[in-house]
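This document starts with one chain, in the form predicted alone, laid out as structure tokens.
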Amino acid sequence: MPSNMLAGRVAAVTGGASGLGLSTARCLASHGASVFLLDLDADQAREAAQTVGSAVEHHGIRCDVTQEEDRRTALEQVVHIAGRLDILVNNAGIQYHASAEAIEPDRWRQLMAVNLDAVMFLSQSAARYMIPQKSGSIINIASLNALFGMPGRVAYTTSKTALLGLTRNLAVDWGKYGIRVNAVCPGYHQTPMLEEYVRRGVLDPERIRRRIPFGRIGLPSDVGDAVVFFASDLSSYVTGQHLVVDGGYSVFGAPSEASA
């Protein structure tokens, strides 16, 4: 339900032009935050910003999260326009499937650059604005793969597992400045990425649904609502934690579909 609990706060969302990033931006805006969508595709980011559907400011800014100059410039633009930065959502990420024995070094490094290195150094840049304010909330989008392994996902699993460690340590380092750092671990949600994997035959949506106690694949807004919790004062005494948003997928322990 929309509210004003984020009124006056400024949020930057990486990978914000589509999927979970765009849905998260809309959830933040619906609670009063001014939202900036940072994305590799500048035109798509600007177009997506116009769909946020809020009376508050919303902007699209080009940002290649793997490039230091882009990271620095993007956040400078946010602060130049809005005057401050209160919320950073590190959502940008990539995934590909490759067995551990076949993964190529260049692809490994590319995935780590996006999923892990960029999070560290964007958070560092954001902290330079948050530390003088003595407040801020950084939310990292991890994954179910941070909790257990899956075949053919060694690089992705490694990056997301490391992301939870990064989340915890940034929370320890920056708590004295009033900066909270938390993570959301999404399960399967209705995103363009999921649809692409279904189209390619990589994922079977019916098998996924049978594994989820709620019996449905998640909505992108389910993740956005979790981000809102971490961005707001509802979690003012919560830091270094991760919240799993998967409809119960990760706690379903049967090796196959449960039977009566």
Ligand code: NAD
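Note that the structure is predicted; figures quoted are calculated from it, not measured. Residues carry their position along the shown sequence, with the first being 1.
Although not depicted, the form predicted in complex with the named molecule is the subject of the following passage.
K.L.:
Between the named molecule and G19, I141 and H189, in the predicted bound form, does every residue show a non-hydrogen atom at 4.5 Å or closer?
P.N.:
Checked in the predicted bound form: all three residues contact the named molecule.
K.L.:
Although the partner isn't part of this model, could you tell me whether I212 comes within 4.5 Å of the named molecule in the predicted bound form, counting any heavy atom of the residue?
P.N.:
The answer is no: I212 has no heavy atom within 4.5 Å of the named molecule.
K.L.:
Going by a heavy atom distance of 4.5 Å, is A92 a contact of the named molecule in the predicted bound form?
P.N.:
Heavy-atom contact with the named molecule at 4.5 Å: present for A92.
K.L.:
Any chance D64 has a heavy atom within 4.5 Å of the named molecule in the predicted bound form?
P.N.:
Yes, contact at 4.5 Å.
K.L.:
Examine L194 and determine whether its closest non-hydrogen atom to the named molecule in the predicted bound form is within 4.5 angstroms.
P.N.:
Within the cut-off, so yes.
K.L.:
For the chain seen here without its partner, which of 72-80, 101-109, 128-136, 153-161 has a heavy atom within 4.5 Å of the named molecule in the predicted bound form?
P.N.:
It is the stretch 153-161.
K.L.:
Are there residues in 102-116 with a heavy atom within 4.5 Å of the named molecule in the predicted bound form, and which are they, in order?
P.N.:
Only a single residue, V114, comes within 4.5 Å of the partner.
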